[in-house]
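First, one chain by itself in C-alpha cells, the form predicted on its own.
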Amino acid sequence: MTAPTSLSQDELKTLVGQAALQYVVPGELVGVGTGSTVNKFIDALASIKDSIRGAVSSSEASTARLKALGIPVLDANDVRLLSVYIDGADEIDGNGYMVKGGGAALTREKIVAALARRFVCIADESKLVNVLGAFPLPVEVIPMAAAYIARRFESLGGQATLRLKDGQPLVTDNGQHILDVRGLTISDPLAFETEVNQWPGVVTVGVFALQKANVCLLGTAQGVRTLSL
C-alpha cells in the first residue's frame, strides 16, 4: 500500500485502521482497543460488521462507538477466546513490547489482550522506539496507594505524578487513578512488568510485555509498514 508523503497523522491513522481489517477473522469476535487510532479501525470495521459476530471492547468509549455503528459488543466474561485483538500503542519496540495507557484504559486493554490469540498493534511510525520509557509510563493504582507507589518509582529514578482531569484526579472506567511516571528507561520490559505488578496497590502497569504485539502496522509516509514480531 502506498501513500503520498503529504498525509497528515490523522490520515496515517486512517490507513492503518483500514489495513487492520485484513486480520479480522470472518464469523468470529474481534477484540477492540481504545484511542484515536483505534477509532479509525472501528469506523473501518463498520464496513464489514455483517461478517463478524461482534466485538469485545476495552473501554466505555470504544463500546459506545461500536454500538453506535451497529456492532454488537459482548462482555469479556462471556468469551473464552478471541482470534485477534487490535489496539494502538504509545510506544512499541522491535520486540513488540509496548507502553500503553495514554487513554487510561490500560487494565481493560490488558484483559482483552489476554483473551486473544494474536495482538495486532496499529500506530504511526513515531511510536516505534529502540527502548521504552520516553513516553510517561501510565500505572493504574488504587487511590489510597498512590503516594506509596510514587515513592517506589522514585527509588527507581522515576518521577510519578497523578493524572488530572479538570483539576481533579482522573477516574478510570474501573474507578481507580492513574500515575504517569517520567524518567524511566525500561530496558527489560518483561522483568519490569512482572516486578511492578507485584507492588501493593498497583492495578496494572502500562508495560505490555507479557501481552506483547505479534504484528505491528505502522503508518509511514510511504504507506503501511508491517512488522512481524
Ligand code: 5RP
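Not measured: the values here are computed from a predicted model. Don't overthink the numbering: it's just position in the shown sequence, from 1.
Not pictured, yet referred to below: the form predicted together with the named molecule.
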Please identify, from 143-151, 96-104, 110-118, 71-79, the stretch that has a heavy atom within 4.5 Å of the named molecule in the predicted bound form. 96-104
Hey, in the predicted bound form, does Ile92 get a heavy atom within 4.5 angstroms of the named molecule? no
Is Thr34 one of the residues lying within 4.5 Å of the named molecule in the predicted bound form, judged by heavy atom distances? yes
Is Lys13 close enough to touch the named molecule in the predicted bound form, meaning at least one heavy atom pair within 4.5 Å? yes
Contacts with the named molecule in the predicted bound form, stretch 126-140 (heavy atom within 4.5 Å): Lys127
